[in-house]
Structures are given as C-alpha cells and as structure tokens.
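First, one chain by itself: the form predicted alone, in structure tokens.
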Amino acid sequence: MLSTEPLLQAQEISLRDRQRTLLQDIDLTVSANEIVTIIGPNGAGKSSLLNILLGLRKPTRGKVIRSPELTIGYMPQRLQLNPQMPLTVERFLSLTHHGTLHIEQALEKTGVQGLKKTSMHHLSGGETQRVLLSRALLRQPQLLVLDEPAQGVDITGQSQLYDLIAQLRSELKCGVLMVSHDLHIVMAATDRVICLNQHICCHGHPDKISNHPAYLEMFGHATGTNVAIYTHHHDHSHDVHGDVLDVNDKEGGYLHKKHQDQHHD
C-alpha cells in the first residue's frame, strides 16, 4: 500500500514571464513509495515546474511544501562534459559524492559496476543514464527527481531502465518524480501520470494496452509489461500565451481513452 504522507506538495503554483503564462494553478503531491510522471509537449512548462519544485526558481504565486529534512536525488536531463577532459565514471561520481552510499554500491544498484574505470566519453546512451541515476542515489534520497531519464536510450533500453526505476522505488521505498516530453510512452509502473500544458490537463493511471495490435507492432512483447500508452481527451485550446481559449470536442486519435479534464482556473 502506498504511503499517504506527502514528501513534496505544490499548491496553486503559477508562473508568468512578462506577459506569458508558463504555469497556471498547479497542484500536485508526491508521496513515499509512489511514482509520479509528468508528461507534456515541448514548451509545456515541465522544466519550469521542476525548477520550482527543486527550489531553483520562485513561482509568481503559490508555494511548495517539502517534508522536514527531505533528501532529494536529482538526475538531470543533459550531461555536458568537456571532451578534452579525461574523466572516468568513478572520478565523475566522486566530484559530487557527499552522501552515505559508496560509489561501488550505487553503481551496483544500477547494474553498471563494471564501468567504474571507463571513460565517461566512451559510454553509450543507456550507460550514461545509469551512471547519472547512480549519482542520484549516492545520498540515499527519500525522493528521486528524474528529468527525461530515458533520453538517448533505445526502446529496449527504455524498458529496462523503467523497470530498474520501479525496482529502486520498491527497494528504497522512496518517492519518484519523473518528467518526460513524450505524450504517449510512459512506464506501466507509474502510479500517476500528470499531463501538463501550462496547466494540468488531466491526470490518472496509465492505460494498460499491452495486448493492443498497434502497441505490439510498435514495441513488441518484450516491453509490454514495462511501457504503456497514455493518452488523454483534451477538450480545449491555448493561445500563444498558454491561456485556455475555448472548449471543443476533440478525439485523441487512433489510440485514445477519454479522460475528464481537470482545471484549477
């Protein structure tokens, strides 16, 4: 059973940049032993929301409440390293290692303990993401915040990485907050999906359609238990500033499931 005690709460978060609405009345919670995934298109405000939740940016309105002494492990979206700088995986992790978990243990938890002496510049996309996840684990966090954790990873690797994240949640009993730009592919182990487009368009459990012919054609049986299609019924439009314009009855396309939009206007 999932814990109902929230690790992180966002209450009526709004953000405006000059005349543009970046976020509007966002409410969300993440509890221990829970996986929450925020999805949405580019420009939906995901990065802005994440920065606010991490305390890196102040909202125009609203507040973020964190449990006392909350420990967060953060996995960034991108890693930029000087290609001229020789840097092994072990050295890379030691640069930011201020936690209680040994580097070897963190690498073992993500299945890349054999890469400790490997150059960071020689890692594949999937290996890089696992090393970044290892770094997030070093402080033995109560909350893992993962920004596009499957970026640069092929479909098979995504399935394995999502499965690993679910395993870590179960093992560490931590909360997990993930962010993705993909409106369709999310992990089936996610407890809640939040669709963001400046405001929360809809939220709920990901659809389990692993037996759908179109799904099997795209992903095959191997990923069927780890990745699911999440779609939503979006019944309104936005202007260039992100504000809601009108209400229309729009179908979600070939693979869709109707969800009641929930607004906090």
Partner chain sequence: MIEFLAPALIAGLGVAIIAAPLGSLIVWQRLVYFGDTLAHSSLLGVAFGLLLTINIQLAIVLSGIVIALLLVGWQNQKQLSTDTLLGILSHSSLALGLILVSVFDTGRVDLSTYLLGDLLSTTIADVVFIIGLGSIIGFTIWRYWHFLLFITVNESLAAVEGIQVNKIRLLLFLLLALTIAISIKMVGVLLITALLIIPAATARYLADSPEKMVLWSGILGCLSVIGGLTTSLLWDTPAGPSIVVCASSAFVCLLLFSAKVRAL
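Between two forms, the rigid core is defined as the largest C-alpha subset superposing within 1.5 Å. Everything numeric here is computed off the predicted structure, so don't read it as measured data. Numbering follows the first chain given and starts at 1.
Another form, the form predicted in complex with its partner chain, is not on view; read the next lines as being about it.
Checked against its partner chain in the predicted bound form, the candidates Arg139, Lys109, Arg192, Arg169 yield a single residue with a heavy atom inside 4.5 Å, and that residue is Arg139. The partner is absent here, but in the predicted bound form a heavy atom of Leu54, alone among Val64, Ala32, Val36, Leu54, sits within 4.5 Å of its partner chain.
Mapping the unseen interface onto this chain, Gly126 falls outside it, with no heavy atom inside 4.5 Å of its partner chain in the predicted bound form. Contact annotation: Pro76 falls within 4.5 Å of its partner chain in the predicted bound form, judged by heavy atom distances.
Of the heavy atoms in Gln113, none are within 4.5 Å of its partner chain in the predicted bound form.
At the 4.5 Å threshold, heavy atoms of Ile155 stay clear of its partner chain in the predicted bound form, well away from it. Contact with its partner chain in the predicted bound form, defined as any heavy atom within 4.5 Å, is confined among 54-62, 195-203, 39-47, 24-32 to 54-62. Taking its partner chain as positioned in the predicted bound form, the residues of 72-90 that bring a heavy atom within 4.5 Å of it are, in sequence order, Ile72, Tyr74, Pro76, Arg78, Leu79, Leu81, Asn82, Pro83, Gln84, Met85, Pro86, Leu87, Thr88.
Taking 2 Å as the criterion, Gly152 does not count as shifted between this form and the one not shown: its C-alpha moves by less than this amount when the rigid core is aligned.
Remark: with the core as the superposition reference, the CA shift of Gly114 between this form and the one not shown stays below 2 Å.
A movement of the C-alpha atom of Pro86 reaching 2 angstroms or beyond is seen between this form and the one not shown when the two forms are aligned on their rigid core.
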